[in-house]
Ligand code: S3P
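Coming up is one lone chain in structure tokens, specifically the form predicted alone.
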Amino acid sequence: MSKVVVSPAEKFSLKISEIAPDKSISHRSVMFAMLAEGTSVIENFLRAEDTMNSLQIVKNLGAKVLDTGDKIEISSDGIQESFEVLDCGNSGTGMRLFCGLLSSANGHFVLTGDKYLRSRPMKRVTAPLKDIGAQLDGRNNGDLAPLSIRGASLEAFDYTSKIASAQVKSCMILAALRANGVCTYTEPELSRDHTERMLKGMGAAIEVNGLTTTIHPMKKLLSPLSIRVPADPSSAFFFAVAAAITEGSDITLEGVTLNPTRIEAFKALERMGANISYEMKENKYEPIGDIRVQYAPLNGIVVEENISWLIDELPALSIAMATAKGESIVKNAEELRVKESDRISTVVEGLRSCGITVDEYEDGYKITGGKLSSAQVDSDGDHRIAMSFIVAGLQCGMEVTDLECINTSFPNFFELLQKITNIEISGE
């Protein structure tokens, strides 16, 4: 275990081009290359533990991978049965999407992960997959990893999901690509749509009409990817909050995906009063550009819509809420309870230790804004909790423990943070 002590920050003005590449797109790029004919080229791939695990799994599944450091080239002659257990590390995205990809592949496959991932619910993907003929099993009747998959013939489906989850949707889209007929997937609200955008860009026959996605089975292999992974808005958002809570500060976050389903947290911060502007630079698989965030006094808001668009950013947004004038309420966010930690409980406990009044609900919390006080916070092995309370330390000073988890998504987080304030990292 390790800890960091963060000193309060003075106002800063920065342009940052080194935000970690997007985690969601990095995962998908190496997986989708397995569905292509020819060589896919991926630049600016996120070299974090979770995404490197996905790259290793693709190698274990028979893909030929050339990694020059600047770019990764992947070619595949189809998914091969792996001699190795496939280790997803800490990544729920990796495990759930590989379930969909492997459910119709020839062979037997075993997916596992670290102790945190092995405690996260998987029945949300294993149950609908089994309903269409997939042969999956695992602990607790298929709800917990390790998961065993034996590829099978999959039936066409018309599936209506009770939760808005990009992971569940992506899993079922990958299964549908090799099902025996046209499939439809309907969700209660639109979740993040990287899978649809990227696969359509590769030539998949996918149509989106409101909340329903129609997927036609592949008649041939897809065109290879040629993609530069944009900066991750979920990672960039920590520094957006840093500027929003540090009086007089101004930051420009360069090369970020501006996908509307990925910048909802920035829109929420705007509603709180922060000055935020967006500049589009390109739009191939994803809209990409710069986001500028300037400090302004913040006010409390209610967050209850498009929750799936900002579920990962809610811990960091909660730090902004804790410094805002008035009350802020988060509703309809039950999904926070089944992330890397129970993020409702960890946010509530952490803010209370900082002297903030918080009421906890089953689906969220109410935060009464005030002045953060220095405290010691344990991340509970959750990278977003760790980084959120480190950012809180920019206002009041903070000690945060259990930091290894940050390497799963944002390896250069501390390097960038040192541009803003002094930090001391030590082992225990």
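Start at 1 with the first residue shown and count on from there. All values derive from a computational prediction rather than experimental measurement.
In what follows, reference is made to the form predicted together with ligand S3P, a form of this protein that is not presented.
With ligand S3P left out of view, the stretch that reaches within 4.5 Å of it through heavy atoms in the model of the complex is, among 52 to 60, 66 to 74, 23 to 31, 390 to 398, 23 to 31. Within this chain, S103 is remote from the site of ligand S3P in the model of the complex, having no heavy atom within 4.5 Å. In the model of the complex, ligand S3P lies farther than 4.5 Å from every heavy atom of A324. With a 4.5 Å cutoff on heavy atoms, N259 does not count as touching ligand S3P in the model of the complex; it lies far away. Within this chain, R124 lines the site of ligand S3P in the model of the complex, having a heavy atom no more than 4.5 Å away. A heavy atom within 4.5 Å of ligand S3P in the model of the complex is found for exactly one of S341, T252, T246, S165: S165.
Of all the residues from 86 to 115, those having a non-hydrogen atom no more than 4.5 Å from ligand S3P in the model of the complex are T93, R96.
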